[in-house]
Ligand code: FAD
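Let's start with one chain on its own, the form predicted alone, as structure tokens.
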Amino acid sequence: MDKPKIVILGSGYGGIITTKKLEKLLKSGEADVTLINKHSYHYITTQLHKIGAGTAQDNKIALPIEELIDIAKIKFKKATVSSLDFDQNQVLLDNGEAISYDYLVVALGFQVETFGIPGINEHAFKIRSFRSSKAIYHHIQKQFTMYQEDHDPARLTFAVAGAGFTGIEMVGELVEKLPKLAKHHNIPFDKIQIINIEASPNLLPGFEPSAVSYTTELLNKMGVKVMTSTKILECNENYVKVDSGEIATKTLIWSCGVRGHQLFEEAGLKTTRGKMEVDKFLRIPTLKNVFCVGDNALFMQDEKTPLPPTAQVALQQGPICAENIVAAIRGTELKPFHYRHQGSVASISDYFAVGKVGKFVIKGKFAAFMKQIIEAKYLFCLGGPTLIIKQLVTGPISSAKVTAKQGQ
């Protein structure tokens, strides 16, 4: 008999952890496993704001996939998926190649939700991927250089749309990095303005009131202009139009929501904002050999409450997904997925953070330390103590494997 073919699409949190778990669970020769990803690296999504602001080295965030997986057990293919053929059990690639599967894991990550606001797709910068985040930093550097030529104050006004997790973390990194850029370009820092725009009445919607108050007060002390209850109506390369007027800026960084990948919709399946509803075993109910994890999966905690699109959810789904694929191959009982919320911490630069762990709201430098512990725990899951040590001792590199060029 031919060995079962397992194909995993995407090497984000859900995809890479599913792959790593399959490495451990499958016996030698029990199945052929192929991981397909658009790039040759896995990037740490929760740290992309650091790439956007230029506060982290590329090789700390983008990690070569072939150094993370056991290439004796897993075949890695760098390719872009163009479509899914569920009738023929095939994944079609943009080079025309068709990859057959017996079991498929869709973990392609999120796409940016623009809510149809004019100009966002064309002119806003997105914290979507390593490359798109790197483009933010190249753009910021360019604005400082251009300001020295035309002295246009809009070049030194940096707006971040959204004050959820990603938006607040991006603002914190700008607060840390922009004074250094100003000094390097001999520009007075008081000419620089950082604006955080949020449609809700408060920053960090869903966080505890004490955490929201702390964050608001801290950003005010840092000189950030906080604009809550403010809706963005339009943007172009010169301004952002909000319901209270116009903000002259060359930089709008968008962090206002995500949706699932469009491939399910293009395959004719019914989705919710691009997400496929999955059963308790993380399978698409109508396609028992297709599993879905992370941002592509709509997993209902109850009849009304879907799990949020967070790294924590993907990290917990990955191992269960792998266990259930192996169980399906061996004809044993599948294991239902149960999510356990382990707390949330949002960084505000390297020095401050805010969050909730268990029943406790944590703030300030202690919370920032906890954030570092969380990130180190993920690195341990990904590559053990060897990867943690490597992250601590490696310096800047220029490897084409992980360094994105300017542009998106």
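One rule holds for the numbers: they count along the sequence shown, beginning at 1. Worth saying up front: this structure is predicted, and the values here are computed from it rather than measured.
Below: the form predicted in complex with the named molecule, not depicted.
- For Thr157, no non-hydrogen atom is located within 4.5 Å of the named molecule in the predicted complex, even though that partner is not displayed.
- A residue is said to contact a partner when one of its heavy atoms sits within 4.5 Å of a partner heavy atom; Pro306 fails this definition for the named molecule in the predicted complex, lying far away.
- Heavy atoms of Ser11 reach within 4.5 Å of the named molecule in the predicted complex, making it an interface residue.
- In the predicted complex, the named molecule sits beyond 4.5 Å of every heavy atom of Gln143.
- Only one of 356 to 364, 55 to 63, 39 to 47, 23 to 31 lies within 4.5 Å of the named molecule in the predicted complex by heavy atoms, and it is 39 to 47.
- Interface residue among Gln90, Ser132, Gln312, Gln193 relative to the named molecule in the predicted complex, by the heavy atom within 4.5 Å criterion: Gln312.
- Just one of Tyr103, Phe125, Phe337, Phe110 comes within 4.5 Å of the named molecule in the predicted complex, counting any heavy atom, and that one is Phe110.
- The partner is not shown here, but in the predicted complex the stretch 368 to 389 reaches within 4.5 angstroms of the named molecule through a heavy atom at Lys371, Glu375.
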